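Read the single chain below, which is given as structure tokens and is the form predicted on its own.
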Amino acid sequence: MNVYDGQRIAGMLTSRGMKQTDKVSEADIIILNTCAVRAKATDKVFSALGRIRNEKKPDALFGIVGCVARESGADAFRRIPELNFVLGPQSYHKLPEILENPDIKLLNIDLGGLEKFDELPQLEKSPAVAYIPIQEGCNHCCTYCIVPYTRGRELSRPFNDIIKDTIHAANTGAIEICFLGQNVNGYKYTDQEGKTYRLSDLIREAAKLNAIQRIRFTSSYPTEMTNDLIDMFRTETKLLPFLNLPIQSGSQNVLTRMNRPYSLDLYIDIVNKLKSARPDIQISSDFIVGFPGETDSDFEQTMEIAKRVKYINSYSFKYSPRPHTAAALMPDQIPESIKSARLAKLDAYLNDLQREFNTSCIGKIMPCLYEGVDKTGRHLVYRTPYMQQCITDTVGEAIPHLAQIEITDANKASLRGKIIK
């Protein structure tokens, strides 16, 4: 979501005659697009703001947009008095007000509707991977999660608006569509005629576009993994055989305290249905260790679910108390030393699973999407259907954007391969 927001902010400013620069000391306006999902992310924002304050030109405008802006509000001006603007994730289309009147300090952290999608200009040229938001906010209210506070309650965009954005992306260079939402598979929109659309309808419509070769979506919630969506993995070949399905914990007790009202049996049943619909599908997940009250037994159950599902790629974190969340006030907060030890053990096993899957790909030929040149300038970087990074040798000036690549080597982090065609 932040990649999409950043692209649109940049597009909005370039449409007003501005140019991007990577050097803070050259910039006339400096924007930090921020995430507040973990405390460490918020800390990094204010550390970066302090550095920017010292490096920027005296008359340069700077500020923050996104979830940290919503979380911090007016307190951001107290911590960094030189800030010019603090705009929440549904307010960054207000940036032109600062450009028109640079003497004001603009604070707008209200949770609006979907107005920003109507006001932001379309990108003149789409990246190969086009991120298309289909909804904002979340209604699940997990006790550890700040998203309902920073992004608001769940709102689904009109079906036709999403398809219009998808067609524009396809016509301007996109090869892959990634549908986005804090609760993306909860998308539900009813038009004026009373017809209701779900994520499966968006996938079906996007797949009709000849330019679009790959479709995926993130981030999913287990109970929203409806049968019509599972069936899309059986019938639509453009839908990648890969899904991030966060479980967060393998303990039913912890899931209950997290306010994630699904059983482990339901979760496993969904995984089995997905594998039945698409035998080559692979699953990744998200984990939180050290949630308040998590016992050694609870943690071992998380290890067991990882072993049972065999995730090929996962994101795991120590529990991080966030303001405006119920879990931050819970008793039995886990000491950092225990959280760190549990995370190290889980990560070690998840890394083994990732390495095992990557190694199993050696000898296979996969359709991969070009991402760019690596830092050395000597290799090309592609992305497999399972979101693995695949490195190949350069092939001169003719770089295929969608290539058949034979996998020749693998480690935990990436694959190596050679372009067949």
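This is a predicted model, so every value here is computed, not measured. The first residue of the sequence shown is number 1, and the count goes up from there.
Only in words, not in the display: the form predicted together with a small molecule, which the text now covers.
Asker: Note which of R216, K94, R322, K345 lies within 4.5 Å of the small molecule in the model of the complex, where distance is taken over heavy atoms; exactly one does.
Answerer: None of the other options qualify; the answer is R322.
Asker: Counting non-hydrogen atoms within 4.5 angstroms of the small molecule in the model of the complex, say which of K318, R198, R234, H168 makes the cut.
Answerer: Of the candidates K318, R198, R234, H168, K318 is the one lying within 4.5 Å of the small molecule in the model of the complex.
Asker: Taking heavy atoms and a 4.5 Å cut-off, does I203 contact the small molecule in the model of the complex?
Answerer: The answer is no: I203 has no heavy atom within 4.5 Å of the small molecule.
Asker: With a 4.5 Å heavy atom cut-off, would you call F85 a contact of the small molecule in the model of the complex?
Answerer: F85 lies outside the contact set for the small molecule.
Asker: Can you check whether C145 is within 4.5 Å of the small molecule in the model of the complex, heavy atom basis?
Answerer: Flag for C145 set to yes.
Asker: Could you confirm whether I288 comes within 4.5 Å of the small molecule in the model of the complex, counting heavy atoms only?
Answerer: Contact check for I288: yes, within 4.5 Å of the small molecule in the model of the complex.
Asker: Taking the partner as it appears in the model of the complex, which of 56 to 64, 358 to 366, 384 to 392, 35 to 43 has residues with heavy atoms within 4.5 Å of the small molecule?
Answerer: The contacting stretch is 35 to 43.
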